[in-house]
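Below, in structure tokens: the form predicted alone, a single chain.
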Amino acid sequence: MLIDTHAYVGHYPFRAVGGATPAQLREKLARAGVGKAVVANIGAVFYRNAMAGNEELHSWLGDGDPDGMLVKACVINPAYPGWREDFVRCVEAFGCRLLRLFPIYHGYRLDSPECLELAALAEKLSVPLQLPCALENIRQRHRLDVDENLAPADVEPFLRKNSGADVIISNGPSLSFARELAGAAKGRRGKVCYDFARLSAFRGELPELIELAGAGGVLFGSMAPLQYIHPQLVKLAYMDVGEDAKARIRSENAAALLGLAAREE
């Protein structure tokens, strides 16, 4: 089974995106051979109140996708009133398995007191948090979109001040992040994981990323439907690592981190 840790449903405000409904996304995922995908509502990033997007996602997926393909992730803005109750509701009532944070879009620092409190609560509830570095290539963005990406300098103080939360850094220059964050990641209770969405297949980058992040620290994440799934499959097929490492990346690392079944029964 292939587990995609970074997918979305919902309306993206800056361009038309095919596969935005749960049914359309399921079709895209199935064609690519994805067995499970962790999905958030892209609207939650842009709504004034992110919780409205989480409520939409729950209304679309209910208590679970019929065959478990779509796994719910929530988007929480710790700078918005009521975030504590919202996050607990997302986990306990909606069954969300992952927390996605967007500090660039929502206007807070990762090492702000509220965000550190949210991370501690995520650790207590055994929910990993994900930090997407970007949603769109900065050269293609609409003029009303944000004009910066999440950077290692944004993440380092957070990792040093919170040692327990499991963190996934997604859709960015993962190898650069791993190199720059190696010191801050060392000795943490929580894992620091990366996807390889922005790595080259032919420069020997994945073996170095595995060395820095550990055997359990690299995941598959496609950014579907904002990006194509198949290029990531091609990269994984050609990357110079053994089949055991590829099996971990395809499903086993994500399954262990998120408490999911790695293989179909």
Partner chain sequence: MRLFRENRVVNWHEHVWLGPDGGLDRDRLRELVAIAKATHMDALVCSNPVMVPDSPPELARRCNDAVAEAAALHPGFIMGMGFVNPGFHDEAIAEVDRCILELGFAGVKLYNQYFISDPAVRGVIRRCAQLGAPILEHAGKLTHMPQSQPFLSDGAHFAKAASENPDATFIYAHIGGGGDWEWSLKAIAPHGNVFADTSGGGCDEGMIERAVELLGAGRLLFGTDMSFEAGVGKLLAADISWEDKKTILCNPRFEKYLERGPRHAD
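Only a predicted model underlies this, so the values are computations on that prediction, with no experimental measurement involved. Residue numbers count along the first chain shown, from 1.
The form predicted together with its partner chain exists for this protein as well; it is not shown, and the discussion that follows is about that form.
Peer 1: Among 220-228, 38-46, 53-61, 207-215, which stretch sits within 4.5 Å of its partner chain in the model of the complex, heavy atoms only?
Peer 2: Only one stretch passes the 4.5 Å heavy-atom test: 220-228.
Peer 1: Even though its partner chain is not shown here, does it sit in the model of the complex so that Arg15, Ile138 and Ser200 each have a heavy atom within 4.5 Å?
Peer 2: Judged in the model of the complex, Arg15, Ile138 and Ser200 all sit within 4.5 Å of its partner chain.
Peer 1: Although its partner chain is absent from this view, report whether Ala30 comes within 4.5 Å of it in the model of the complex, heavy atoms only.
Peer 2: No, no contact at 4.5 Å.
Peer 1: Give a yes or no for Glu85: in the model of the complex, does one of its heavy atoms lie within 4.5 Å of a heavy atom belonging to its partner chain?
Peer 2: Outside the cut-off, so no.
Peer 1: Is Asp147 close enough to its partner chain in the model of the complex to count, meaning some heavy atom within 4.5 Å?
Peer 2: Within the cut-off, so yes.
Peer 1: Given a 4.5 Å distance limit between heavy atoms, list every residue of 230-256 close to its partner chain in the model of the complex, or none if there are none.
Peer 2: The stretch 230-256, when checked against its partner chain in the model of the complex, contributes His230, Pro231, Val234, Lys235, Tyr238 at the 4.5 Å heavy-atom cut-off.
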